[in-house]
Ligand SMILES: Nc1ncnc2c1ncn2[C@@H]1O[C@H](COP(=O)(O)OP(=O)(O)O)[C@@H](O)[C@H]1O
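The chain that follows stands alone, in the form predicted on its own, written as structure tokens.
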Amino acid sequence: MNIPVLTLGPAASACVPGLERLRGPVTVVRRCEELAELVAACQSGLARAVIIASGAVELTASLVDRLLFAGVVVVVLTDGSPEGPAILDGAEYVAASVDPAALAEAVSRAVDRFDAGSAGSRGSLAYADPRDVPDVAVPVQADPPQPPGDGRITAVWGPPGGPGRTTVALNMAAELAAAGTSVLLIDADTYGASVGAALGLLDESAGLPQACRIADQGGFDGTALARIAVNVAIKGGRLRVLTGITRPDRWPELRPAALGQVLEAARSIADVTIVDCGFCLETDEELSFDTLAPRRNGATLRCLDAADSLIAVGGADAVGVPRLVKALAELADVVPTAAPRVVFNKVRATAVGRAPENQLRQAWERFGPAAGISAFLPVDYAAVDQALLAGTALLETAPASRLRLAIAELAEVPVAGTRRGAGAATRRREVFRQPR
């Protein structure tokens, strides 16, 4: 098998004569001077592997993910210094002083491992429509590393139109934190991040973009994540928060490869991580000239794919119900492994008629997917406005609100003086312990 290789950096170029003298399967087809040249050559299908010298370019998890998506494995030459680059998943590391035969063997080994892991798979959801690139995917290691923790991730998602995703996510997190559970709330909405504003946090505190920048350099763990997260006191409990982007045009900072590492690190510092996701799942980047262009919706897709459980929030009105039906059909196509629990928010008689829960249930049985409705959250604009003005959760400003009690029941947090439904224990397992 012939393996065409690209090089980047002086140390990598110095290996070319030795590799050529071997006359083996590894053949250097181009010595690249710049990263843009390397990426363009990889995207054109010119190579199966790249040899990158340490220090020749800022090696990040996103760059490795992008090259792997193009079907190109990454071999990094290291100088062995303690200040060397962090180890990134998906890259093969060898010493710069390695002999040509060992380097060729490392390249062949990386390609074989990639081919074994990419069979029957498709490219990463982090990039635009892959119809014009080879059917490849990020390689799966023979012995994948264990996740850093056993915490659970719950994604809160829903269609456009303001169904109340942030309200549900924030208050579920607050109820669990006040009950003594270790909780991390992440704002991953790339269109309208609002968790920070809802909690009265500084607009400059963009925690998730900062975590993604550090994770993109490799070596990210729960300790680093704990330093970045903001601690918010909730009714005697502590809620960790990673605020989102401060402006919509900052969405490229939430690179899916780095965000995936942040989510894995979250499992080690919190029993439950609740992610407020963006609404959009479409892949409109297929109109782009660059098939490897980052997706704005890649962050949402990565969160939905990584989540152990998913709550789909829809508006309880004549517009919100059909929007949710269509959005769930799109979700099934994009993330087939998702098993959403349907929650209707802002339930009120003025929108759907008398006995609104029965009306919604009948409409859903007739037009909706097979999955039933898991919860109905009553409308309470006054309580929500009061919580927003105070920069906190409903349980502090309106503890007796029907909306607060319904969200507490959804989170399976017992509230003094209230009677919980018979199906409560089952719903708790579904929200936080549902197997993937």
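Predicted, not measured: the structure shown is a model, and the values here were computed from it. Counting begins at 1, following the sequence as shown.
What follows is about the form predicted together with the ligand, which we do not show.
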So in the predicted bound form, does any heavy atom of residue 165 sit within 4.5 Å of the ligand? yes
4.5 Å heavy atom contact, residue 309 to the ligand in the predicted bound form: no
Quick one: is residue 70 in contact with the ligand in the predicted bound form, heavy atoms, 4.5 Å cut-off? no
Does any part of residue 55 reach within 4.5 Å of the ligand in the predicted bound form? Heavy atoms only, please. no
From the candidate stretches 38-46, 376-384, 22-30, 58-66, select the single one in contact with the ligand in the predicted bound form, where contact means a heavy atom within 4.5 Å. 376-384
Name the single residue among 346, 240, 152, 341 that comes within 4.5 Å of the ligand in the predicted bound form, judging by heavy atoms. 346
